[in-house]
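The chain that follows stands alone, in the form predicted on its own, written as C-alpha cells.
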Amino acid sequence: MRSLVRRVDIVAKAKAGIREEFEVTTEIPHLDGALLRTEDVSKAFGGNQALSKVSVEAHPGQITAIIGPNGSGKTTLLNMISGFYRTDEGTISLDGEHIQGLPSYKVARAGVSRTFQTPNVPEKLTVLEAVETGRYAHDRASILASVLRMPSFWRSKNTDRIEAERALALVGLSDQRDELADSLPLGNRRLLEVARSLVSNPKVILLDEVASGLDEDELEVLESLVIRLRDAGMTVILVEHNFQLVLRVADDIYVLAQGAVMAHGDAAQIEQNPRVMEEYLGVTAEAAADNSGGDDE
C-alpha cells in the first residue's frame, strides 16, 4: 500500500511540475559490462582503405584504449561499432551476439553508448533536459501513454529526471543543470555528453577524444570517473590523443596506423615500443634514449 501511495505521489508532483527533492548520490553500483569484440573488420571509402582487418577485444571491468595518429581509423572503428557505418568485412559482437549491420538505435538498445569528437548538443534545452534525452533507448512510455499523459508516462518522466540528475553529479555539472546546454564552454559540453552517454546505464561506453578541450580540473573529474566506471564493471573504450592519460588509466591499448593494428599491449609495453614512439609521438628511438640519458644525469 505504501509503494502505491508513493507512486501516486510521484505522478501528482510530476504533473504539477514540482521537482521532488532527493539526495543525489555519486556512488556507482555494480555495472554489468559486456565483452565487445571486432574480428577482422575492414572498411573502405572509395579507394581509401580506412580500416584493414582490425581485431579488438574490450572486456568488462577494463579500460581499453585505441590510439593512433589522425587518419588511422579510430573514429571509423567507433562508428562501425555503434552502427553509423556498415562493415565491408569482419564481425562485431557484444557478448557473442553479432551487432554489425544493426542500425544505431538498436546498437544503443543493446547496451552500447558513445560520445563524439564534436559534441552534439541540442539547442534550446537545459543541461538537465539534454542529458534526459539519453534515456530514449532505456525505459520508454508508450505513444498512447505519452499522448494521454497516463501514470506510466509520469513515472517514466520522473525516473528519467532522477537518472539525469545522478549522471550530472557524476561529471560535476549539477550546478549548471538549468543553464542552456548549447551555451556551455567546450569542456563542459564534453562532460555533458559523457553524462548523456551514462544516463541509459549502458554495458559499453565509447569515449571519442573526450579529454580534448578539458582544463586541468575537468580532466581530473574525467579520469576519476572512467576509473570508477571500470572498477564498477563497465566496459570502457577510450579513443584518445592524450597519451599520458591513456598510460595512466588504460588496462589494454591498441595502436592503429594506416587503418591496421600496429601494436597491442599494456601501458608499459606500448610506452617502450620504439615504433609507437616514432610513428605516434614523432620521437625516434635514438632521441628517446638521449632523453632518458639526460634525465639520469
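None of these values were measured; they are calculated from a predicted model. One-based numbering along the sequence shown.
This protein has a second form, the form predicted in complex with adenosine-5'-diphosphate (ADP), left out of what is shown; the following refers to that one.
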Checklist entry - Out of 32 to 40, 262 to 270, 63 to 71, 225 to 233, where are the residues with a heavy atom within 4.5 Å of adenosine-5'-diphosphate (ADP) in the predicted complex? => result 63 to 71
Item to check | Ser82, heavy atom within 4.5 angstroms of adenosine-5'-diphosphate (ADP) in the predicted complex | outcome: no
Checklist entry - So, in the predicted complex, is Ser200 in contact with adenosine-5'-diphosphate (ADP) at a 4.5 angstroms heavy atom limit? => result no
Next on the checklist: Is it the case that Ala50, even though its partner is missing from this view, gets within 4.5 Å of adenosine-5'-diphosphate (ADP) in the predicted complex, heavy atoms only?
Outcome noted: yes
Checklist entry - Heavy atoms within 4.5 Å of adenosine-5'-diphosphate (ADP) in the predicted complex: does Thr76 have any? => result yes
Checklist entry - Among Gln117, Ser183, Ser174, Ser104, which has at least one heavy atom within 4.5 Å of adenosine-5'-diphosphate (ADP) in the predicted complex? => result Gln117
